[in-house]
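First, one chain by itself: the form predicted on its own, in structure tokens.
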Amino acid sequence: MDRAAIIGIGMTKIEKNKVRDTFADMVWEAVNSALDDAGMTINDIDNVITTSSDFWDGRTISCMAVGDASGAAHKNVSCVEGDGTYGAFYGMTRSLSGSYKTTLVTGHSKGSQSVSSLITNSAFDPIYERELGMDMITACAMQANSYMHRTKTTPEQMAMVSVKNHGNAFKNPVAQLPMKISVDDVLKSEMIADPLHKLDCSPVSDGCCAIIIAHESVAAKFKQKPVWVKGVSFCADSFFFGDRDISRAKSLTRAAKNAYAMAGINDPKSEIDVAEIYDAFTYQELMWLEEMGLANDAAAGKLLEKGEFNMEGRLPVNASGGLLSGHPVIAAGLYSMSEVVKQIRGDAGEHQVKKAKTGLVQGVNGLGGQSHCVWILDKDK
């Protein structure tokens, strides 16, 4: 089977409000950073994938605003709507198709110019559910309650995710919200939607990330040592929020199993060295770890208490600070992929973990984790 590798990464700093930057400005910065990282010019890129959302950008054909800044002129260009991991998936298939050897993938988001409650309310079924006025936060609050009821996970265990990830962010220069907080601080922060306090929730963020994916035949021609894609899969569950057991994530379990099988991983608990998990809310880090088999069922909170997911623990999770420390919605998955690439290369700086040969990245689309995309990246081919 042909292989693909990530050979370049670039990103802007994640900020609350990039008031001076347009979408194109952010993309221009991230793309040029990725090209410099790979030792490439735009002439070395065969095709471009932009990842954006008409809803979040407030315009139709949102990809058109960043085409030129992505270097798409005179190239084949396509667009994907949703989390950046899905854009990367499409970019990888392009590089593996035989038609294009190198693919540039971008993802951008400016939450500061959006009203997230209105945007995510539109994700609900327009006939039966949307009129209830729910949004992503209230949907995930329902899911958090369901998960806590099934697993007996406590608010204190959820709060520890926030403490850990905001603390990790101090060592990541692109993170938006490094904070020294306690479990008590999280539990005393404003209640947004029971049981989710303000510090259980990721912030409003602006940012852009770009990665370059290459076919194995050209991956070694450029500056960076390739980080290989060993396994990747995505899977979706029912669209209707009430048609699935929201205390579980069957689509994530299946996507993870498929990615593990492709990568030849038999025991993910011992074979994964570092993970960037989609922690838009604290409970999600714990829930997703269990559903991917990286923690025993109903045990992630207890393992967190023992320090197993800390920087020095058995499996460092969200060493970058995760999305709780900065969540540019559409670009989030590409940031996570870039962080794992840096960890595997050994150039993550102050938030480098002690050992990182094999890493896992997870991306999410849809209400309460309707769809999941799981990547296994590795130092070796």
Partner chain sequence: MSDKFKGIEPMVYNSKINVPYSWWAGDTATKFFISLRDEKKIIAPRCTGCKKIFLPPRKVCPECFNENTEWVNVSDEGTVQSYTIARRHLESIPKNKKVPVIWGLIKLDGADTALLHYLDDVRPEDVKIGMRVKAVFADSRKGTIRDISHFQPVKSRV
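In this text the structure is predicted, and so the values were computed from the model without any measurement. Positions refer to the first chain, counted from 1.
What follows is about the form predicted together with its partner chain, which we do not show.
Contact with its partner chain in the predicted complex, defined as any heavy atom within 4.5 Å, is confined among 5 to 13, 354 to 362, 369 to 377, 18 to 26 to 18 to 26. Its partner chain in the predicted complex is not approached by G313, whose heavy atoms all lie more than 4.5 angstroms from it. Looking at M191, you'd find a heavy atom of it within 4.5 angstroms of its partner chain in the predicted complex. Heavy atoms of S146 reach within 4.5 Å of its partner chain in the predicted complex, making it an interface residue.
With a 4.5 Å cutoff on heavy atoms, D185 does not count as touching its partner chain in the predicted complex; it lies far away.
Contact annotation for the candidate site: G58, E131 and D135 all lie close to its partner chain in the predicted complex (heavy atom within 4.5 Å). Of the candidates I277, I246, A219, L304, I246 is the one whose heavy atoms come within 4.5 Å of its partner chain in the predicted complex; the others do not.
Contact annotation: of the candidates L289, A141, A256, V229, the single residue with a non-hydrogen atom within 4.5 angstroms of its partner chain in the predicted complex is A141. Of all the residues from 268 to 288, none has a non-hydrogen atom no more than 4.5 Å from its partner chain in the predicted complex.
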